[in-house]
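Have a look below at one chain only, the form predicted on its own, in structure tokens format.
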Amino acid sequence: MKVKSYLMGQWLTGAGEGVPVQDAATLEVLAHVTSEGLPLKEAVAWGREVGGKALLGMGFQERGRRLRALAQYLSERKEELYRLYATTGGTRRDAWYDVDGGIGVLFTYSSLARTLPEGNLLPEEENLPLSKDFSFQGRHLLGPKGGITVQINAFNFPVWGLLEKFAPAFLAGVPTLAKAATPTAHVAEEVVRLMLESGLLPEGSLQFVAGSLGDALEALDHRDSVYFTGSKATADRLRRHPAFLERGALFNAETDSLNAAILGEKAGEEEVERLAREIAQELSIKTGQRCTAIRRVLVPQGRLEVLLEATRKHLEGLKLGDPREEGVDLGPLASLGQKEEVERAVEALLAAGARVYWQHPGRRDGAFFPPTLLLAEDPWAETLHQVEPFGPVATFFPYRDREEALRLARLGGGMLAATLATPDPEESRFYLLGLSGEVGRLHILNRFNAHSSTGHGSPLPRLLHGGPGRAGSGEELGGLLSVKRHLARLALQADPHTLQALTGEYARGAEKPASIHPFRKYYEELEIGETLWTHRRTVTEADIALFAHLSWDHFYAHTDEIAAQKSLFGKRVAHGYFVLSAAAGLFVDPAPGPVLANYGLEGLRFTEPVGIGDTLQARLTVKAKRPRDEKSGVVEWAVEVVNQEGKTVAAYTILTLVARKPTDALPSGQTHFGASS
């Protein structure tokens, strides 16, 4: 059997014998992996053309709905992946991190899509006036590059690694060509089969290659990107490819690093115990085969033995074995080759001055490697901070003071993640400032958060995953940060009408007078820029006194005539929130209608004082809108409150839920999200 690739709309088998894939526990040959003779260069162009057009025919909102449906589809079939996962050496807990973690990324990005516009352009910041009369304006926005992303995944997370790269690319409208790592390519193939069988992905949006990329990189140019996870050596070699150096393709790397855990000087007994548990967990999950796993542990020299012993106690009761057997906590490493690499790394650390403090007495045959704690009593040998055993191995180092601990942590040359165990904010601030250029994610662990912490080694979809230096200097996940990295940022300059039409958001100077009150319109009927000027209201002394009584806000500027005369206003003024309330009274249509609820308020600014006798008028403009579900959408309204001199006294954005048209009012065969299936 050969693991197949999915290219240009069909499953293909590479030529030649290929590389064998073995069951990590039994060493049985499961399949062979080869991409020899496959049209990889052609697949890049085909993906751009076919997949790119199909994805951009949807828009952010529809792609987000597809991601949610895909997550649900995979959730219903994850047991198929769990059964196959055991062949990689992973336990059911390991599979949960990989399979359920990957599905969770799809759910997260589907939720983020609800905050995005309906089309394929993502405006940033606010419009910038470039002329006094607002006839010429500018705005930054993000748009499609028209390229493809090649995603090179590592062996340790065949599911999560694929889905965490695919989800933001898909949401951004960028087609994916995913390359699996050979030892676990058979699992990645099954994931891709399920994704394609769902019928949710348009043709060309996902292609898959098992084996080498061949000449695929030769087809990349400035529109394209490569997202790589793997070793630093491979990343450094790829960076030198002409696709990046000459043609301008984006190269994003996330590489394994010597991540540190630091026991702070202010740590108490609870922090010691919690950190010991964290280290043991990092060595046992995926048998230590995580790029974020703890590799170095920095400990005040007087507490070294205490933390070592506490960690040993958490590890010594674990059972090594075939993950299909009952009661097994750790499986083997992913392959014999991986075990050999770990053994070589440990030998290098021992030669540099470390010694074995403790090693689990469990299985060592085949691809099994037992959890191992090393101790480097002289912590300054560079090799100790440069060689990484990618398995269940951690090296403990003593330090004399926190300045020394910081210097030791920096010897790693860049980390994906670091943990600091301390309850002390001042100690946390010292390491935050000292490590901000050394690590992509700093996890502070203490007695206050240990019960709810997600752990040292677990990247979260809404937080940045990546790190400087040796860690690859890349950025993945981070919520919308990763979506934006797949888009092109440009400055758009135009008249307000064109700007509004292109961005789908209100530009001052492109107002359209409302023929009826906008609150009488359904979501679909509201037009961007539609504007209502209200009637006027004059503020009286009674208004201010009554609002003070109602709100219990008796601040002197509103209620004390003598003190108010000495204030920066020089007189009594109305409450800011009275102005806000009065404006709502001016622009709200009170009768029942499509507007369902006030959803929130953003960007409120009071720009001029309002005194007794001032006359207020409000301008209500449809600023932006996005669908929420089949029944309602979110509409943003720009509100400007002016006085009798035309000066703006308050400006803000309100958000409302507005009902969508009843489905029986839509054309036959249509739903709010397009043609019915």
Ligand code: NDP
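If you're wondering where the values come from, they're calculated on a predicted model, not measured in any experiment. Residue numbers here begin at 1 and follow the sequence given.
Omitted here: the form predicted together with this ligand. The next part is about that form.
- For the options N120, N446, S231, S284, the one in contact with this ligand in the model of the complex, meaning a heavy atom within 4.5 Å, is S231.
- For the options A261, A154, A71, A405, the residue carrying a heavy atom within 4.5 angstroms of this ligand in the model of the complex is A154.
- Here the marked residues P183, Q338 and E388 all reach this ligand in the model of the complex, each with a heavy atom within 4.5 angstroms.
- Residues placing heavy atoms within 4.5 Å of this ligand in the model of the complex fall in a single listed stretch, namely 222-230, out of 365-373, 543-551, 103-111, 222-230.
- At the 4.5 Å threshold, heavy atoms of L464 stay clear of this ligand in the model of the complex, well away from it.
- Residue contact with this ligand in the model of the complex: S482 places no heavy atom within 4.5 Å of it.
- Contact between C291 and this ligand in the model of the complex is found at the 4.5 Å heavy atom cutoff.
- Not displayed here, this ligand is approached by K179 to within 4.5 Å at the level of heavy atoms in the model of the complex.
- For the stretch 239-255, the set of residues having any non-hydrogen atom within 4.5 angstroms of this ligand in the model of the complex comprises E254, T255, in sequence order.
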